[in-house]
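One chain follows as structure tokens, the form predicted on its own.
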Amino acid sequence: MTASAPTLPRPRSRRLARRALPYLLSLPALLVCIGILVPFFTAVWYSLERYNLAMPMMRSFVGPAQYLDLLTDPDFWQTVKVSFIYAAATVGIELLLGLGIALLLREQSRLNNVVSVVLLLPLMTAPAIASLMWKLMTNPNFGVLSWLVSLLGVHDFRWASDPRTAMFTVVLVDVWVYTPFMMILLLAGLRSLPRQPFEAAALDGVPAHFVFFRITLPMLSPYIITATLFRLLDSIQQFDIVYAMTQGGPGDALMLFQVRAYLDFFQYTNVGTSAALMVILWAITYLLSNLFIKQWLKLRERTHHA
């Protein structure tokens, strides 16, 4: 018996499969959008209600009154102030340190590659675990960092337990964890820059500072904006480092947006206030991301026209 030839799919079935393929490929993106939008609109709805889990029978719709109460609350403006100070300090320090390290490791060599990998190790540590490590190291009784500062003549340094030094402590932890993120992005940007302008400047004997400010920084600006945007959005939404170190204290010294929203929900069971805080935080991150993206697009257009 001779084997029969395999039957080919009919043209009609092939056309239907071709038409259905784009919808099948877009299905995961649709599911992700649903997974994002449903919690978002749920939070928006809760933010318009007086809703406390301890008194669910008192739940009522109040509209924008929840936001007006927040805007007239001094504690809310303390949260805004602390959040922006934290974000500005961490991003600024990490940008300077990351850029400096990237410049030192710019030339590709075996040693520089090994050093860049070693410097990435803090980034591989979960922020909450890193915070617990630093909490032990800054313990006034047996912490190694407390012992080191005592050698410098500073005794009984309170680190995160004092409102005057708590911000410094958590910023120090954040810088240790996330500076490698800035470094690796800027290092990738530096190594991707064209070599011709730098070779021409070297042949003409142009001073190093002129090359840095007039050639390197303008060409590296899109990478700087991208790295700054990622870290700024992450810093202003910081939770794990601050909560693991101080739970927002001492007092309200480190009551960032996420920390206050968490405490309002889980400690005070105030769903409405917590949701309103998160919606305001979303609005801030949306405005900041739009501002940075517009600047990035302007730089790209300027580069293309140059």
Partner chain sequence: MRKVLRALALGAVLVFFLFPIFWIVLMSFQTNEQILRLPPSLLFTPTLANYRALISGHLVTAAGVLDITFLRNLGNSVLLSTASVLLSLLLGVPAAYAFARFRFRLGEDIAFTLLSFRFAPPLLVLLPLSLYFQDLGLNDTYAGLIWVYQLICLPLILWIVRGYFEDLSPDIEYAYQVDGHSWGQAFRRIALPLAGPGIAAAGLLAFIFAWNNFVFALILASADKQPVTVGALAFVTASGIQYGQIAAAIVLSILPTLALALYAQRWLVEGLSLGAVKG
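Numbering follows the first chain given and starts at 1. Not measured: the values here are computed from a predicted model. Heads up, when I say rigid core I mean the largest set of C-alphas that superpose within 1.5 Å between the two forms.
The discussion below concerns the form predicted together with its partner chain, not included here.
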Notebook entry, point to check: Of 157, 176, 84, 198, which residue is found within 4.5 angstroms of its partner chain in the predicted bound form when only non-hydrogen atoms are counted?
Noted result: 176
Notebook entry, point to check: Since exactly one of 206, 96, 215, 104 fits, which has a heavy atom within 4.5 Å of its partner chain in the predicted bound form?
Noted result: 104
Next item on the list: With its partner chain left out here, work out from 75-83, 198-206, 162-170, 137-145 which stretch has heavy atoms within 4.5 Å of it in the predicted bound form.
Entry: 137-145
Checklist line | Heavy atom of residue 66 within 4.5 Å of its partner chain in the predicted bound form | finding: no
Next item on the list: Could you confirm whether residue 56 comes within 4.5 Å of its partner chain in the predicted bound form, counting heavy atoms only?
Entry: no
Next item on the list: Answer with yes or no whether residue 262 is in contact with its partner chain in the predicted bound form, where contact means some heavy atom within 4.5 Å.
Entry: yes
Margin query: Considering non-hydrogen atoms and a 4.5 Å limit, does its partner chain approach residue 121 in the predicted bound form?
Written below: yes
Checklist line | Heavy atom contacts to its partner chain in the predicted bound form at 4.5 Å, residues of 214-252 in sequence order | finding: 223, 226, 230, 233, 234, 237, 239, 240, 243, 244
Margin query: Relative to the superposed rigid core, does residue 292 relocate between this form and the one not shown - that is, does its Cα move 2 Å or more?
Written below: yes
